[in-house]
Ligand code: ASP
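Next up is one chain by itself, shown in structure tokens, the form predicted on its own.
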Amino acid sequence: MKKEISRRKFVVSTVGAGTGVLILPQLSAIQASGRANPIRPIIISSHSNETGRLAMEAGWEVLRAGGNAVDAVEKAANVIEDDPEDTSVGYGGLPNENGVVQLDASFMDGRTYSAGAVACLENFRHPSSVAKLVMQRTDHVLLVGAGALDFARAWGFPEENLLTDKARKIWLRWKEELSPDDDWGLPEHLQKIKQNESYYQDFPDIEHHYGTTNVLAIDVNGDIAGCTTTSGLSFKLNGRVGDSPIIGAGLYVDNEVGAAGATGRGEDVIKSCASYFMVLRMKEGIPPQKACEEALRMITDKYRKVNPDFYPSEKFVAINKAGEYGCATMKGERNPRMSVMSEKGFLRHEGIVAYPGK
């Protein structure tokens, strides 16, 4: 197994010089553009933790130098995929029911109207980069399983075991609690004794875990790109594919309008084509924040007809051509947050909880 790096080492070694910058100078490329309404590059992510900030700084370095949105998005997504403490994306992601980490990702380039995606990809920590190459170097959109694995190998991505010790212990804890009648866990005569294994002490509450990240960006030319990357639903059935690698569900980009991405319970996002829905609403003049809220309510309205008490867990982010952005989630004790980086510096933007029925 690849030696696991510590969280502290990860934070210190990633992005380096960009860390801590709050106010950045105007881009000379923008100042020299001569446009009456100059385009303001911006990059956002649904990840709002420290890793999200590091990712935004990495992507911003590309945009500040006049680079394109595709490269900025990839660089930012790679930072999040590298974090061994994040159990929802890339290296360290929680495995499927068999203990195997299977990653999904999609990429879309608004400038060329090209898209690429991979699903059930094993052994490669950067599915976002593999999806980008599917977009750029094939005439396909989605590669899955063994085919995605072969494609990544062909391009020389390094293979490794993605199951960190932390993720493995969480998976083992889940296995032992599946059923009191199976043979996992302590011997029967000891089962009434308090558990003392480290994974019981370290992870006292194990639940099914939804986790994904979206990265969306606009560059100095006004071109838009986006990526959604995930390890998917924890302990999922082998071969399960969520919304993240599906264009129109987990991600959609329209260069004339904006972009949107989804995290949460992928089955609901697939059935609602939520990201495409948000971009369509923005095309009609709805601001990104309102588009996120309307997509959530669209999903709850569908379920209300079948089970009025069922409210799945989704979080949506969106950005429009003008650089406006929004964030909303379906339920929760606190408002959702997102990371934003622009010439004004780094910002953790707070969205809203779009409670059903509002």
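All residue numbers are counted from 1 along the displayed sequence. All of these numbers come straight from a predicted model, not from anything done at the bench.
The protein also exists as the form predicted in complex with this ligand; that form is not presented, and the subsequent description refers to it.
*Asks:* If contact means a heavy atom within 4.5 Å, which one of 259-267, 272-280, 120-128, 157-165 is the stretch that engages this ligand in the model of the complex?
*Replies:* Careful reading of the contacts points to 259-267.
*Asks:* Counting only non-hydrogen atoms and a 4.5 angstroms cut-off, does L143 reach this ligand in the model of the complex?
*Replies:* Because no heavy atom of L143 falls inside 4.5 Å of this ligand in the model of the complex, the answer is no.
*Asks:* Taking this ligand as it sits in the model of the complex, is G242 near enough to touch it, meaning that at least one heavy atom pair lies within 4.5 angstroms?
*Replies:* Looking in the model of the complex, residue contacts with this ligand include G242, since a heavy atom lies within 4.5 Å.
*Asks:* Is there a non-hydrogen atom of G147 within 4.5 angstroms of a non-hydrogen atom of this ligand in the model of the complex?
*Replies:* Because no heavy atom of G147 falls inside 4.5 Å of this ligand in the model of the complex, the answer is no.
*Asks:* How about G232: is it within 4.5 Å of this ligand in the model of the complex, going by heavy atoms?
*Replies:* G232 belongs to the contact set for this ligand.
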